[in-house]
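Shown below, as structure tokens, is a lone chain in the form predicted on its own; questions about how it binds or moves come after it.
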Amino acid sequence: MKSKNTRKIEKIKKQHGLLAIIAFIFTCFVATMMLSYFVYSLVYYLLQEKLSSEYESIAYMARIYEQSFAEDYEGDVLAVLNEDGREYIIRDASGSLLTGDEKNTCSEKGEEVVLTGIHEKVEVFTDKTYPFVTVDGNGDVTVLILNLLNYIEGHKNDPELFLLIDDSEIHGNASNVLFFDSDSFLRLPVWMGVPVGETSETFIGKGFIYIRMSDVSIILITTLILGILFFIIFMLFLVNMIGNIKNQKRSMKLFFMDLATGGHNRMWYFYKGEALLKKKSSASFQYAVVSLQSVKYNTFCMCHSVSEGEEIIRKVSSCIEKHITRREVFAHESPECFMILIKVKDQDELMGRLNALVADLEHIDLNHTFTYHVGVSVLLPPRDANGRILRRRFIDLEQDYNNAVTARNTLNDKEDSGIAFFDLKLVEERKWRDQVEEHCREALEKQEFVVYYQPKYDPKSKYMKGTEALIRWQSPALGFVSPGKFIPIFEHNGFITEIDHYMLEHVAMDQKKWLEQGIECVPISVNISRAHFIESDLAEQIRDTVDRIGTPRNLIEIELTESAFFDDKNALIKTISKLKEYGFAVSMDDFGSGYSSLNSLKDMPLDILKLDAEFFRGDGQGERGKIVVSETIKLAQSLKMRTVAEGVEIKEQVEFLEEQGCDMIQGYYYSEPLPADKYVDKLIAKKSDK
């Protein structure tokens, strides 16, 4: 899990550079497509126009030939056709030649295309000698440019391919292929067939696509100019983008710079340190989060000067840099403190390196002797339940550094150099926290969290009048986990809000299921954490969840811990009022564990008051404790509130609470928390056997 600061830094680093690169690529792509489409459309239009013109001439000859079949026609149609000077052939349905030169260059098979200029289907045949005008796979006439250029390179003087006006000659250099000194044409043959009336014959005439070389030059020059303009725009865009990225990098460098040492600052340490710890190659190593403080640095500055003190700090920075490797980081946190992240294999290596560093630092100045306090928080490789090493994913380097500072502060009373480690038990707790955070999301998705129910009984009638829903975690990786081992972690990282929704949904579904089975249900209280009350629509969320499942609202009780009453009082009152308006009962849990209980009772429109279990343990069992409990119950009755005593374990406590008029009792005396199936048995029985 990335820290808030790390997420902000990554957002700043990626935002401008990534957007600029995406915009540049998109602009290049669009411009290239536009230029390509322009050239293609221009060539396609010219080709269609020239083909249409040739087709009309060939179609005219075909009509003359068709008229020869009239009974009163007396002329020689072939002689008339020959006068046109255009080469032609006539084929029957089988493709056999009826009229024309047997050595003609027309291909045997044609392809049908639609000419846009005349909107007619035309059968196009490729010339076998100059097969450069053909039909592509999409049914469009096209010119095979590459084949044509290759042919021209070896046949620059071919009179059949080039038509020169004014008897101009083609010069020998290759540039004349595209840029001619005279008005010359490139003549590309193509054959087009026209069906002859109602006969099975096809009249096929040889046409030419004349390409004026000066026109080609103009098209190429125009395309080149557009390409150059696009290139200039792209280059300006690219230069601007590179400049922005460089400026951003310079800004980030200044952002991470420590002005006193010229090195890195606290922000860089957390950002770089988290990135280092998350690497797969770092998983199997221990890491030591180190807080190093120069003892009495402020006194040195006072006796000498701040500038001399800063010079000492720069020497300390240089010394630390010599003692760390490329895979480790350090930064200057405050005038007298440095923060270091060291990679080690074991405790012995760590102690050896730290002692060597402190020894060098103590003699960093020939005229003065300095001492240093070092606090260390060790990060062990995270492992799963089977002992396999896991990649670090949930990292809170700021908290780990605070642990190192806590360890360092234990040396405050000493003037000599010293090294203190964060309590190894707390390290184990940290390891457990990492495991819990790693598995919690998957556990929620796989519904590993189990709802347990602890009944509440009326001490007079012995009947069950209510129930509290409690959570347990049955984890395949971590085993059976009691709420005390994971709820505080969820409250710290904010995951508790998702647990609240999970519990509310499952309790509502259980209630609905039991009602459908004909079981008479009692209200079940569901804890809503303090973190949830920052949401202005919390009451609506609860209402909508319960209504969606179809559970009667009066069977769901919303239970708030007393600590929630320390937050925004007005927002809390508003939420409680809405919940009551929607038909939910609202209770205060752990009454008496805080310091503002009476004030909370005065302002909050609560229905139920739950007395903290500590009232019934230790000194709470004495006369003074009984007086407090008795008066609290009377106060609740005066405020029209019901009372629930939790944590009750012995008969004497039950008898006392019954005498005082307590409405319900919850605790091991009557029942421990039960899984759903065992709870249903007690729910059906209703009355306690005690």
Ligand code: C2E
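Each residue number is its position in the shown sequence, starting from 1. All of these numbers come straight from a predicted model, not from anything done at the bench.
Keep in mind that the form predicted in complex with the ligand is missing from the display, and what follows is about it.
Heavy atoms within 4.5 Å of the ligand in the predicted bound form are found in exactly one of 311 to 319, 527 to 535, 393 to 401, 84 to 92, that being 527 to 535. A heavy atom within 4.5 Å of the ligand in the predicted bound form is found for exactly one of Asp500, Asp434, Glu274, Glu557: Asp500. Between the ligand and the residues Pro483, Gly263, Pro381, Pro523, the one pair within 4.5 Å by heavy atoms in the predicted bound form involves Pro483. Although the partner is absent here, Ile471 sits close enough that one of its heavy atoms falls within 4.5 Å of the ligand in the predicted bound form. Contact check for Ala62: no non-hydrogen atom falls within 4.5 Å of the ligand in the predicted bound form. A residue is said to contact a partner when one of its heavy atoms sits within 4.5 Å of a partner heavy atom; Glu66 fails this definition for the ligand in the predicted bound form, lying far away. When the ligand is considered in the predicted bound form, Glu123 lies well away from it, no heavy atom lying within 4.5 Å. Along 637 to 661, a non-hydrogen atom within 4.5 Å of the ligand in the predicted bound form is carried by Glu646, Gly647, Val648, Glu649, in order along the sequence.
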